[in-house]
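What follows are C-alpha cells for two forms of the same protein chain, given separately as structure 1 and structure 2.
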Structure 1
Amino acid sequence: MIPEKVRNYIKNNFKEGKVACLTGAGISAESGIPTFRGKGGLWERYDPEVYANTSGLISTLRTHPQDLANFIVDFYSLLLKAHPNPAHRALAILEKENILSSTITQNIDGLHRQAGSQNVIELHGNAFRIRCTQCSNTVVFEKDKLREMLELFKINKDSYIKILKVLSRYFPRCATCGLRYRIDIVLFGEILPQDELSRAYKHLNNCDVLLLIGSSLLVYPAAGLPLYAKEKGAKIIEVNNEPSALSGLCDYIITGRASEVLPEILGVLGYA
C-alpha cells in the first residue's frame, strides 16, 4: 500500500529521535470513536457547534437537561468502550525504538497513552481528566467513577435539579481555590494549554520528518503546526484515507487507513 518511493524515503530517513507525528480523530476511528466530519455516529446526532462548545453546553443544560445527560452518556460510553488499534500501537513501538520523539495529538480519548506511548502531547486535553476552571489543578477522572456517573445520569435525566446534583458530585469544587472542576478538554473557541503547545513546537524544531495521521487539518492552531515544521525544514508525510486541507504542503502522501499504514511503516523499518 505504501508507494515504493515513500518506502525508500522512510527506510533512509527515519532516524533516531528525528520523527514526530501529529494525530487527529481519524487514527481513533477504527477504535470505534467517530471523527467529527465522518458519516454516521455521535456527531450526526449531537451538533459539535452545540455539544463541543461551552455556551452550547450551558444553554442545553438550562433548556434541555435531558439532551445534555443523553449526550454525556453517549459520549463517554463510546470512549470507555474504545481500545487502542494497531495504529496507536505502532506509534508506541516507534517511540520505544527511539525513532519517534513525540506524539502530538488533537485527540482527547487517551488511546495513545493506553497503547504505551509515553511522550504524548495532548493539545486538546484528555476526557479522562478534570481541571479546576480557575487554578488549573487537574485530577484523573477514574473510569469506574465515570461509569458510576453515567448510571446516575441514566436514572436522573428527567430533572434539571437531579442532573445538577450529579454534575456537582463528579465535578466538585477545587480544594485550593473553591471554583468548580470541569472536563479537561479544549472546547470550540478556547485557548490551547500553552505548556503543551510549547512542547509541541520544541519537538517540531528538532524533527526531520513529521507524520500527519488522520486529521482534516481544519482546526487551528493545531493545523498551524505542520506549516511551522515545514518552515523549519522538516519533510511531511501524510497518512489519511482522504486528502486533508494541507495535503498540498506534504512531501509524501500515503492514502489508506492508519491502522493498516502504520504497521506497514513498522515493517519497512524492520520492526514488524
Structure 2
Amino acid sequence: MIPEKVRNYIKNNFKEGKVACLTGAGISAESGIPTFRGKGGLWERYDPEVYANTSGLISTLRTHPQDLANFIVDFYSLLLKAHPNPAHRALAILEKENILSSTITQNIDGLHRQAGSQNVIELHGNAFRIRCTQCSNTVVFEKDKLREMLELFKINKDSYIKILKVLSRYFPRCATCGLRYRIDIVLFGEILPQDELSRAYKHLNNCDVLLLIGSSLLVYPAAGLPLYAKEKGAKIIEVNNEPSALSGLCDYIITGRASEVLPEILGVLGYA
C-alpha cells in the first residue's frame, strides 16, 4: 500500500524523537465513531449551532430537556462503544520505540490514551474528563459513572428539574473555588486550551517529519499546525482515504485506511 519511494523515505528518516503526528476524526471512524459532519454523524440529527455551543445547550435544557437528554445519550453511547484500532496502537508503539515524540489530536474520544500513547496533546479536550469552569481543575469522568448518568437521563428525560438534578450530581462544584465542573471539550466559539496548543507548537519546532492522519484540515487553528511545521522545515506525510484541504502542502501522500497504513509503517521500521 505504501509506495516504494515513501517506504524508503520512512526507513531513512524516521529518527528518534523527530516524528510528530496530527490526527483527526478519520482515525477514529475506523473504531466506529462517525465523523460529526460525515454521513451518519451526529450533526445529521442534531444542529451543531444548537448542540455544539454553550448557549444552545442551556437553551435546549430549559425548553426541550428531552432533546438534550437524547443528544447526550447518543453522543456518549458512540464513544463508550469505541475501542482503539490498529492505527491507534501503531502510534503507541512508535512512541514507545522513541520514534514518535507526540500525538497531537483533534479528537475528544480518548482512544490514543486507551491504546497506550502517553504524550497526547488534546487540542479539543477529552469527553472523558470534566473541568472547573473557573480554575480549570480537571477530574477523570469514569466510564461507569457515565453509563450510570446516561441511564438516569433515559429515565428522567421528560423533566427539566430531574435532568438538572442529574447534571448537578455528575458535574459537581469544585472544592477549590466553588464553581461547577463542565465537560472538558472545546465547544463552538471557544478558544483552544492554550497550554495544549503551546505544547503542540513546541513539538512541531523540533520535528523533522509530521504525519497527518485522518484529518480534513478544515478547522482552524488546528489546520494551521501543518503550515507551521512546513515553515520550520518539516517534511509532511499525509495518510488519508481522500485528499484533505492541505494535501497540496504534503511531501508524500499515502492513500488508504490508517488502520492498514500505520501497521505497515511499523513493518517498514522493523517493529511489526
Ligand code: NAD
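For clarity, every value in this text was computed on a predicted model and none was experimentally measured. Shifts are known only where both forms have a C-alpha. Under this definition, the rigid core comprises the largest set of C-alpha atoms superposing within 1.5 Å between the forms. Please note that residue numbering is based on structure 1, beginning with 1 at the start of its sequence.
Chemist: Tell me which of the two, 1 or 2, is the form predicted in complex with the ligand.
Modeler: Only structure 1 fits here, because that chain is the form predicted in complex with the ligand.
Chemist: Pull up the moving segments between structures 1 and 2: at least three consecutive residues, every CA shifted by 2 Å or more, rigid core held fixed.
Modeler: These are the shifted runs between structures 1 and 2: 36-38, 41-43, 47-50.
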